[in-house]
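Take a look at this one chain, the form predicted on its own, written out in structure tokens.
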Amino acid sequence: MFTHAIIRTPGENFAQGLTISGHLGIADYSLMLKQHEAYAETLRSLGLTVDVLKALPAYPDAHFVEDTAVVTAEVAVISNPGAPARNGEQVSIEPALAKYKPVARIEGAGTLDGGDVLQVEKRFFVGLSERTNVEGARQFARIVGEHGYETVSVPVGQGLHFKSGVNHIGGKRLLVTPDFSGCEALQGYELFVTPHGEDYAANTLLINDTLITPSGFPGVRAILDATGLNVVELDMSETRKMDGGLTCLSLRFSA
């Protein structure tokens, strides 16, 4: 059960962050703040204590805090972001997490974004992407392996991060985009494939017994309703314009 979350207020220059989704329009700051607050309130309504960090104007993408760390029950692994423009965000997240957990770090030539790391019980899937390399995955596997976790590396062919295309929706169920529907590493799980045009909603966030999903994707909503879990929809329009999703906006953990 998650009891805590860390989020960061978007900076006024958040629309200057990295994105390949310019066709969706220019992100609006006032609307982003409203949507971000709705996200925070949803986490609080689910019983989580939410720590809100100040904006980091030097890093327009810094509100995507998930990429800066992976938090387990035993340790917080501080990442080494693969995008040069984002490398440095992890420095400010470490003291926020050190209040709750011992910390370890991905160092040297290893790169790792938290958006490439999915935990399903005692197994971690680590996506090998433009942001996470083999050395970063190796270091991560060593750190969490000391606490009894298995790590499986998975190439990410499409999408920015592994969790752009694969997320846990409870039990042995995974919500995946069509690109991952035949992924050998996911054998043994029940895969629910996003319908045509609804790939963005693969980034659905499981918080205890509730699934938070972006609004506007009826096919995915039908899949989630069939799980029997509570489902909450949130408007993610401005985050989507910046290549972000629901999981990107927080670090969730028990403390």
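For every residue, the number given is its place in the sequence shown, counted from 1. Being a predicted model, the structure only gives us computed values, none of them experimental.
There is another form of this protein, the form predicted together with a small molecule, and it is not shown here; the text below is about that form.
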In the predicted bound form, segment of 158 to 166, 118 to 126, 145 to 153, 95 to 103 with a heavy atom within 4.5 Å of the small molecule: 158 to 166
Which one, 18, 24, 234, 231, lies within 4.5 Å of the small molecule in the predicted bound form by heavy atoms? 18
Given that the partner is absent here, does residue 248 sit within 4.5 Å of the small molecule in the predicted bound form, heavy atoms only? yes
Evaluate residue 243 for contact with the small molecule in the predicted bound form, applying a 4.5 angstroms cut-off between non-hydrogen atoms, and reply yes or no. yes
Taking the small molecule as it sits in the predicted bound form, is residue 199 in contact with it (heavy atom to heavy atom, 4.5 Å or less)? no
Should residue 173 be counted as a contact of the small molecule in the predicted bound form, where contact means heavy atoms within 4.5 Å? no
